[in-house]
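Here you get one chain, nothing else, as structure tokens; it is the form predicted on its own.
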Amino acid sequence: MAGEPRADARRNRERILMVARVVVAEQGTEASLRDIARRAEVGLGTLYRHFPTREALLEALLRQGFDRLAARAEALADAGSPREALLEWLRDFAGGAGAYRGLAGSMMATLNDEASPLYASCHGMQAAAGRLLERAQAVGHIRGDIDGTDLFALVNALSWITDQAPSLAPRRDHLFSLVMDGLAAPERGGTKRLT
């Protein structure tokens, strides 16, 4: 008979998540699960009962942020300028994708892996952003030859670059502008500029 988890099980799960946020912030998405369990003062078996895989733990840590980004995309879909709505969402996404070292790679790995615990929340976020992209394309702000996967990969790549070369972090905004300019649909006279 399945019911509510026991109070101590709920406390263990919350303590594991609280500690995991800190450890993943320090060590990245490949953080030691043994270290997380030790710092949470639970056995490794307890951690695995709550989170059977690393991806399940990451999904629990990231779901709220992914859901927030999906909701933000939905809210921006009814906003004024499709161009501004898309840029605002992409800046928000790019900032979040750099939250943990290795997150950009983890997100890209789950795009087509329906078995991944990260897939559903990541896919929901990407689909919501895809609607912003389509809206901007419909009014001629973005090239018509890209899709949501292209956009997601390009902006995610910015986070990966600064993850791999932290010395480039101060150039993130400049690199973001370059990517966005490359996505802009040509204006009359052949010039392009989105940012």
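Predicted model only: the values in this text are computed from it and were never measured. We number the residues from 1 along the sequence you see.
The following text describes the form predicted together with the DNA, which does not appear among the structures shown.
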Indicate whether the candidate residues S32, G45 and H50 are all in contact with the DNA in the model of the complex, with contact defined as any heavy atom within 4.5 Å. yes
If you check R54, R143, R39, R68 against the DNA in the model of the complex, which one has a heavy atom within 4.5 Å? R54
Contacting member of L17, V179, A25, A9, with respect to the DNA in the model of the complex [4.5 Å, heavy atom]: A9
For the stretch 126-164, which residues lie within 4.5 Å of the DNA in the model of the complex by non-hydrogen atom distance? none
